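Given next, in structure tokens, is a single chain: the form predicted alone.
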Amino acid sequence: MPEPVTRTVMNPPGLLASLDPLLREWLPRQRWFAGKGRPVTGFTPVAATELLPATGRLGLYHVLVRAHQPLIPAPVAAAPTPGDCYQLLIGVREALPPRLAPALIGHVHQGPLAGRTAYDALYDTRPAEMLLEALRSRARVGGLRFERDRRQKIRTGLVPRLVTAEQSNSSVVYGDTFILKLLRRIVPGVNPDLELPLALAREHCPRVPAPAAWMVADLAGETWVLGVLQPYVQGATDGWELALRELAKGEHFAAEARALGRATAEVHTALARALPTVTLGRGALEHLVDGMTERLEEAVRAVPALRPYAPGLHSAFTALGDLAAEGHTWTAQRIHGDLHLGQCLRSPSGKWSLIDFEGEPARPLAERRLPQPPVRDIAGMLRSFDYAAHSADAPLPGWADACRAAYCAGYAQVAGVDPRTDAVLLRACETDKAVYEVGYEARHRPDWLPVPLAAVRRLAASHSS
């Protein structure tokens, strides 16, 4: 195993200039790149740390870089706007062995790295081992800081492997013992993907793997969360895969949905103990309704197919506003923020766990950390059941409805309140989620657009009836 990293050169001169032309081509092709469909017009370095000098057989750099893109597709002469900041771990070799061919960024032709080959170092065993060793030893590397929970033992000799199926981030599994999630698009501040699992660990909530270690950058007086190491649930199946498997066999999913509802309620209950809750009065609720209404109007402008349903959908939000005007209040707390079947793991023993607490990455960090009604999470899961049902080659009539009922009943067993009894808020949150899905699918997966449009038709009809 490599020794803990101690050598560091911050912002190596000419590094970004060497990589710029390669990154302009490579970065937009990555599944986790958020600015699809818009050219990269330039880069601004946020921080670059030399972990291993390029003069050796293997050079290694940790890079935080801001990618500039036009706000909308525009002529080349359009002025670039400040863009997202991405975390890159870049390896440099004279030539790549065949096993690293999928990691290729490109061959460098200029600057201090000229003549070398750059690649995504997360595919490589040694850099991945170095990250784990830095976490285990609580290393300090320039502006990078590696922290850990001393109560959890991190063994040496764990063999790393990159998880290739992820989209918005990247993960490395170490010997089926730990999984390191590296955030790709990062922002400064307290990230809920670390904040909430740590809070749940203090409450001894068994439904969320407790962070064993984490990686941050201290830059210009601000902290940027870069990655979180958590226990790996060996042999687990995510809820989406499991639901599709049961659908393919013609099996119902109600028992699992009920168990998942209980797990969700346990997490919500623990979060309400661990972190402050607030009461949403008329002003806060009007702000919530205004946000839902604005998102609907933006979606209608972007997706004309939504226009016939807009009045019925809008009535879902006005009904919530009417209750607020009558003096109704709701309790808000910290929630998962982007809950769906793919964010849930079922272990071979049948235990459900919730993962990935960063919320919707497209939302501002401050917004993702706001207390929300727990029903928002529930609405996300109900929409996920609907997506699964529409993904089956041979749909089972009533499958999604049975899942909805079982999930809400399981939630009520723990929380003491059935989400369906708060029908106006639940319908408003479901409608808001379905409207978001219409916009997302229209931009990224047009073939999937009929799924949320079917929900939109149902929701609009139910509100207008």
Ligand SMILES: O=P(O)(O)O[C@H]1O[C@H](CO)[C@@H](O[C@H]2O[C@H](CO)[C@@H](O)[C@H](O)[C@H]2O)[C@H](O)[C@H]1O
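Predicted model, so just to flag it, every value in this text is computed and none were measured. Residue positions are given as counts along the sequence shown, with the first one as 1.
Omitted here: the form predicted together with the named molecule. The next part is about that form.
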Would you classify Gln333 as touching the named molecule in the predicted complex, given a 4.5 Å non-hydrogen atom cut-off? no
Is Phe33 near the named molecule? Define near as a heavy atom within 4.5 Å, in the predicted complex. no
Heavy atoms within 4.5 Å of the named molecule in the predicted complex: does Asp20 have any? no
Might Leu341 be said to contact the named molecule in the predicted complex, defining contact as any heavy atom within 4.5 Å? yes
Only hit among Asp120, Glu266, Asp356, Glu129 for heavy atom within 4.5 Å of the named molecule in the predicted complex is Asp356
Please tell me which of Phe146, Tyr387, Tyr309, Trp224 lies within 4.5 Å of the named molecule in the predicted complex, judged by heavy atoms. Tyr387
Since the chain is shown here on its own, which stretch among 408 to 416, 45 to 53, 60 to 68, 431 to 439 would lie within 4.5 Å of the named molecule in the predicted complex, judged by heavy atoms? 431 to 439
Need the contact residues for 361 to 397: heavy atom within 4.5 Å of the named molecule in the predicted complex, sequence order, or none if there are none. Pro361, Gly380, Arg383, Ser384, Tyr387
